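In structure tokens, one chain follows: the form predicted alone.
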Amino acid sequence: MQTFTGLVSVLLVFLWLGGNLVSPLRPICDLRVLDHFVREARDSEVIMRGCRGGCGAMKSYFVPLTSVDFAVLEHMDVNGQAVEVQTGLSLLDQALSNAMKTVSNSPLANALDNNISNIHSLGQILHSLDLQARSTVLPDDSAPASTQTQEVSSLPELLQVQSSFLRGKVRLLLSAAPACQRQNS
């Protein structure tokens, strides 16, 4: 009898949810989500500036370029922008993960972990907008920087690049996403 009651309860939950479990991801076009991630990246910069011990070793990191050439951007399709952004997010993920290994300061480690999580969330947002790059080839830490990367030599610089990249290239891509354009029209 308990098995039957449990089964009925499970079926009622499925009926109550009304099939929402199998619906496709809805695109996230609200830039306030990105603004939240930018604020958290800036908060990490503040924590880093106030850090007095266990703040990470001086190390070089490859990060994406943050400058936007609008003349080039005009001629680049959204998929090209998506590849550039996804590559940049992957570089930031790799750099932040490497930096986190050298940090013993608990508030800073928590902030870096949160930033890594936010970068993964941005990847999911790109996926929901059907803008996820098909493949991303990253340089390892010993590879020379490409024309789309730069090398920074400290964690504060890495955090500044992260904030700038989110405010610049990621914001431009999300603003231009076709799924978001359809929702706004």
Partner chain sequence: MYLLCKWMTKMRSNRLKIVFMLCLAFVTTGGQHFESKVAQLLQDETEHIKCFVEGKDLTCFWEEEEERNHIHDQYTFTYSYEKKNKMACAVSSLYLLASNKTILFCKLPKTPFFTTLDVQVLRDGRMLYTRSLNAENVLFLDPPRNLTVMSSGKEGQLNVSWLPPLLKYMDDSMIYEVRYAVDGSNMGKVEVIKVSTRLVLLGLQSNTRYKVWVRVKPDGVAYKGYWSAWTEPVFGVTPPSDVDPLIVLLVIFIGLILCLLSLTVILSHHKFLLKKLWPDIPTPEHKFPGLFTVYKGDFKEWMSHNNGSMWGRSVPVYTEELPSPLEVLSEVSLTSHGTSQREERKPVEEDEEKESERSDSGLTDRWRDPPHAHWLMEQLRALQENPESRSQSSLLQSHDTYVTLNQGDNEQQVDDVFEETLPLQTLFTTAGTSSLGTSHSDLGSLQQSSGSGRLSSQSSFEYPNHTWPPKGPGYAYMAVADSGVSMDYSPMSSSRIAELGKHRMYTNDYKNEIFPHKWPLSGQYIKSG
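Positions refer to the first chain, counted from 1. Not measured: the values here are computed from a predicted model. Heads up, when I say rigid core I mean the largest set of C-alphas that superpose within 1.5 Å between the two forms.
Omitted from view is the form predicted in complex with the partner chain, to which the following refers.
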| property | result |
| --- | --- |
| In the predicted complex, Asp130 touching the partner chain (heavy atom, 4.5 Å) | no |
| Partner contact for Leu73 in the predicted complex: the partner chain, 4.5 angstroms, heavy atom | yes |
| Contact flag, Val68 vs the partner chain in the predicted complex, heavy atom cut 4.5 Å | yes |
| Close approach of Arg42 to the partner chain in the predicted complex, 4.5 Å, heavy atom | yes |
| Joint contact, Val38, Gln160 and Arg171 to the partner chain in the predicted complex, by non-hydrogen atom at 4.5 Å | yes |
| Rigid core fit then Asp69 CA moved by 2 Å or more between this form and the one not shown | yes |
